[in-house]
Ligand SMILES: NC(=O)c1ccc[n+]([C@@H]2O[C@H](COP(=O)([O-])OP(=O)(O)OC[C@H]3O[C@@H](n4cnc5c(N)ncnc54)[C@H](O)[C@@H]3O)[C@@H](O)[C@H]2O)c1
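There is one chain below, alone, in structure tokens, taken in the form predicted alone.
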């Protein structure tokens, strides 16, 4: 039997690393973090503090406390203390390879090491490791402390035990670990998002629509049904009683029409300015922190609404609440 994971090591304390730290603390784990950037400790504490109100609404596990965060003074200190290490460094292959080589040399053999990379291949990340079998990718989504999806995949030398260990941890953190069976750049969700993003950039670049109009085209329409059915099942319904078969026969020919332009447009200064101006107008004077809190409140409300029907993120939330109630009962508390 594998030892229980009690301490999460967080390497890299930016938006993603801070999100991992907040989620782990809310689930009653100890967190030891490290980052080479100056002043990272204050920024990490502020980010976790900003996330905590939303986590309180979702529910805190026994022992959950901001006091269980420890800021280490070295990478070696994280490797000595952690039962599981989550790396969330910038998306640069050379940087991550060097980092994983150092972690691999310092962490005990039984410690699984995961990368939050959003598209780099685990086979490349583990290429300099003496114990490549323990490296996995655990790609989360922002905000990590609320969104349950985490894509999990291994490289050519990753062991099934390491994959299972990572999947178990992520489930215990109230997440939905999605096993990516084929090692592919960008994995699954980001490849889908990138297609939409590229088309959006073309529409802004060509003067067809503004950022506000394009966001409205998602928020008031497909975005609502994507929260609980995704794309494939939604289109299955669009086919009527015969489902996807009739949908593709009826609407499939439209796929040949020039409705999309998937290659990305040139990021000219003009396009960058249009995107920045549009999103500043949408922010309407609100700071990023204010928008983050609004986003968190909306996400909590949506997940709680979906919980009633046990679909999508609502099902994951319901499963996590059962674990939460069991944990409180086991701790002699009432939830």
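Because the structure is predicted, anything quoted here is derived from the model rather than measured. Residue numbers count along the first chain shown, from 1.
Below, we refer to the form predicted together with the ligand, which is not included among the displayed structures.
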So, residue 49 and the ligand: in the predicted complex, are they within 4.5 Å at any heavy atom pair? no
>> in the predicted complex, does residue 99 come within 4.5 Å of the ligand, counting heavy atoms only?
In response: yes
Indicate whether the ligand has at least one heavy atom within 4.5 Å of a heavy atom of residue 116 in the predicted complex. yes
> Is residue 24 close to the ligand in the predicted complex, meaning a heavy atom pair under 4.5 Å apart or at it?
Replying inline: no
The listed residue (237, 156, 95, 217) that reaches within 4.5 Å of the ligand in the predicted complex by any heavy atom is 95
Contact with the ligand in the predicted complex, heavy atom within 4.5 Å, among 37, 305, 272, 291 goes to 37
Testing 203-211, 87-95, 251-259, 165-173 against the ligand in the predicted complex with a 4.5 Å heavy atom criterion leaves exactly one stretch, namely 87-95
Near the ligand in the predicted complex, with a heavy atom at 4.5 Å or closer, the residues from 128-155 are 139, 140, 142
